[in-house]
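The chain below stands alone and is given in structure tokens; this is the form predicted alone.
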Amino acid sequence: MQGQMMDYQLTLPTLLRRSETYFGANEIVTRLPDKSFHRYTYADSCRRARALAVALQALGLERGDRVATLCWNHYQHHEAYLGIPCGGFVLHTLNLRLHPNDLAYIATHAGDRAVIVDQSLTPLLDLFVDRTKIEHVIVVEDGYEQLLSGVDPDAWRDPELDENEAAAMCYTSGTTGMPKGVLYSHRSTMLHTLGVAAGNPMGLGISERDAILPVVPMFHANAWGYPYLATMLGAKLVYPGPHLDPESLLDAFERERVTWTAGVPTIWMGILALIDAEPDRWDLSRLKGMLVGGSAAPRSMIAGFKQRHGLNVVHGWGMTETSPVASTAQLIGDLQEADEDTQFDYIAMQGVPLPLVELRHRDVDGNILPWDGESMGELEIRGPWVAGGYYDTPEQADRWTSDGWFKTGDVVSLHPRGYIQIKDRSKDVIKSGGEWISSVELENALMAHPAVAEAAVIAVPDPKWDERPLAAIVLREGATATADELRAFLAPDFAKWWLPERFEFVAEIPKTSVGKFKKTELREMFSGIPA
């Protein structure tokens, strides 16, 4: 017997109508390059998003055509997030921190026909646009406004999309092989938005009464879905523009009464150092939570925010291939009443999966491992907003199992209560004497040392053990530490064979375009140096 419910299509025009109807007077704020603030309403943004959809049609773009963006976080980029897919086109966010050669490959592989670009980024665009099939270059501060002013937003008609049509695409960073495209559907985007809203991290919740500032760039994995989440809930949106330094962000948090923000750990480590140095300078009393993802956040940082400043770090995990949010830190059941140290232990994990997301982990022989908090294996995932393949890249089909799970490349243990604990990326885990050593656990422990600002641990070749850990250390300004001191600091918490024999003190650790440690460069620097 079949059910008799409506065949209601989950498409983004629904979000556009809801936002305009119920939250039209609510505010979207952008910090402009000169640090002044632009303010308008959701009603304004919806009108302009519809105008963008009509204007792209007038340029001759057809349903399914890809429209790229090369922009910082601002209100025009927000309009593109809605206007492009609501016009039946595919939003393709280009990562402005990638090399021009990578951008040329990505834009060509995606088949981009148009690009919306910030004036400040046109020199970057000029380095690769001639190697693509892009026909229309729309500069935000100039051509974009002219484009919108020349059309009637009321001419927009809902294209009555099928929910499985593509809404957006994003390419992985390509640290191994060429970048790979992930193609999000309207259905997956809508379900991801609902899933993040339902995740209710740590019981803090997000609602219309909140103000959300996404530090995570809009060119990276849909800005973790927060533009869509805020639009659905009617929460105030605050876009930081190009100003991502700790002082500018803290100023925006205070001025705009931000309650939720999101970004990678390196952002928050810089913010923690600044408010430690000047604890009375900013009023952050309205800040409910800082969502942290992209890489594992050090437990010491999480505890530092809470114990010294009363601020909550909410850990999460996801990938470009998972839209991207797949899990958030929640204190389940009796953990809400546990002592502070126990709570930090759980919050420092990557949380439990959002509703509708399923997990398992397997060893190198394909055996499903127990959820005992100890067994380490590759995390596999499935769910309605998890990619089922890469765009036009059939040679990558082996990233999916025969029974439909995505192999993430993350080495994890799963706690009996369902918490994910990232141990490493499969390419970064250290294989020493037939055993695995987690570089992430060593890094987070080292960053708890008062003299250490940043730590990255890599494998270096060893004639006896195959690989051994080497720790690259950035010391805090004015602080000192020796290799023996750091090794002794680790010794109480790790087996002796886990401890790095070699420490390298460096001025900075290279980072990827989204702020993760770039271990490929560290391995190139130190691969010839045995531990």
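Note that the structure is a prediction, hence the values are computed from the model and not measured. Start at 1 and count along the sequence shown; that's the residue number.
Omitted here: the form predicted together with a small molecule. The next part is about that form.
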{"query": "Output flag, Ala296, Gly316 and Met319 jointly within 4.5 Å of the small molecule in the predicted complex, heavy atom basis", "finding": "yes"}
{"query": "Contact of Ile422 with the small molecule in the predicted complex (heavy atom, 4.5 Å)", "finding": "yes"}
{"query": "4.5 Å heavy atom contact, Asp410 and the small molecule in the predicted complex", "finding": "yes"}
{"query": "The small molecule contact at Lys516 in the predicted complex, heavy atom, 4.5 Å", "finding": "yes"}
{"query": "Contact label in the predicted complex: Arg362 to the small molecule, heavy atom within 4.5 Å", "finding": "no"}
{"query": "Region of this chain that lies against the small molecule in the predicted complex, out of 288-296, 445-453, 136-144, 238-246 [heavy atom, 4.5 Å]", "finding": "288-296"}
{"query": "In the predicted complex, the one of His109, Arg382, His220, Arg187 near the small molecule [non-hydrogen atom within 4.5 angstroms]", "finding": "His220"}
{"query": "The single option of Ser439, Gln76, Gln330, Gln350 touching the small molecule in the predicted complex, heavy atom within 4.5 Å", "finding": "Gln350"}
